[in-house]
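A single chain, nothing else alongside it, follows as structure tokens in the form predicted alone.
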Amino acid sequence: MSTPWHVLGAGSLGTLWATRLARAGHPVRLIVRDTARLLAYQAAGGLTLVEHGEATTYAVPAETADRGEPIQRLLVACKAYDAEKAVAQLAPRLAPDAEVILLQNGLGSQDAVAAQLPQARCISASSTEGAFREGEWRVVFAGHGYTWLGDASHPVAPIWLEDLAVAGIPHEWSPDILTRLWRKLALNCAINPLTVLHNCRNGGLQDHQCEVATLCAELAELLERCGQPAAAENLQQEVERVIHATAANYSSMYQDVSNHRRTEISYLLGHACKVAARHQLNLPHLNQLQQRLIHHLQSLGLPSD
């Protein structure tokens, strides 16, 4: 029997992966926060994927973190600010040679998780797939994209990538995954905060081209200083392309704020500003953007960390 996929986090990407893996016949187990969540999930009858307007429910088994059986393969799909604490609860269940796939936005949470799991192989993932929750346990597949996976300390690709191919999850093993993660962080920093502050869809940033260009210049400078010249290459053109291609979409940070949820500011803009300060790099517009966003979140009664 093939190794089960334990999925931690029933947000948009976690549900998107779990349903496609289950649809392809792979064993999947959803890990939920507590007994109350487990009962709510069981009452719903499973995870629902809406694709091309058609809704299909998959009866993926669920369990709480304190179940006893060992975990060999864990997909961590919760928010960056929850990842470290959530994985700590599961650490006793991880097999000695467990593999942990980290599907978080931004940077910082991956290192924090890996530091507490020295016995496991931690693999970072960066995805451009679009999805949003349409209620509890229900996700809409909004835009086909790509997922890059990699392990900076161990470049050999794992055999379970075949599971993703069978499940129809477009992916690529990337020996330079850090470059991918930095590039995605820069894209998010140039787009997400501005969509919140200007209260617009991604396409609305076409009316703020000077502000976008200024941020891209500073972000490219940061990437160069961090030893990531490939991530800095043609950054502004890529940001403009993404804004145009996803013009009708709301950014993940915009969605978080509109749903009065905590954002991942600390792992996006916060991480970029922190690294810039460590390198004694003066990036005034990036720092100003962080302060504007912090004040905006505080005015809405939302956490600013």
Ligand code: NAP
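Values in this document were obtained by computation on a predicted structure and should not be read as measured data. Start at 1 and count along the sequence shown; that's the residue number.
The following text describes the form predicted in complex with the named molecule, which does not appear among the structures shown.
A.B. asks: Identify, from the list L13, L293, A22, L286, the residue with a heavy atom within 4.5 Å of the named molecule in the predicted complex.
C.D. replies: Here the answer is residue option L13.
A.B. asks: Counting non-hydrogen atoms within 4.5 angstroms of the named molecule in the predicted complex, say which of H171, R201, K184, R121 makes the cut.
C.D. replies: It is K184 that has a heavy atom within 4.5 Å of the partner.
A.B. asks: Are all three of R37, A86 and E129 close to the named molecule in the predicted complex, meaning a heavy atom of each within 4.5 Å?
C.D. replies: Every listed residue reaches the named molecule in the predicted complex, so yes.
A.B. asks: Contact between A272 and the named molecule in the predicted complex at 4.5 Å, heavy atoms?
C.D. replies: A272: no, not in contact with the named molecule in the predicted complex.
A.B. asks: Is there a heavy atom of L47 no more than 4.5 Å from a heavy atom of the named molecule in the predicted complex?
C.D. replies: So L47 does not count as contacting the named molecule.
A.B. asks: Check whether R29 has any heavy atom within 4.5 Å of a heavy atom of the named molecule in the predicted complex, and answer yes or no.
C.D. replies: Contact check for R29: no, nothing within 4.5 Å of the named molecule in the predicted complex.
A.B. asks: Consider R225 of the chain shown here, and say whether it contacts the named molecule in the predicted complex, taking contact as heavy atoms within 4.5 Å.
C.D. replies: R225: no contact with the named molecule in the predicted complex.
A.B. asks: Just one stretch in 205-213, 131-139, 113-121, 163-171 has heavy atoms within 4.5 Å of the named molecule in the predicted complex, so which one is it?
C.D. replies: In short, 131-139.
A.B. asks: If you look in the predicted complex, which residues in 140-161 sit within 4.5 Å of the named molecule (heavy atoms)?
C.D. replies: Sequence-ordered list is empty.
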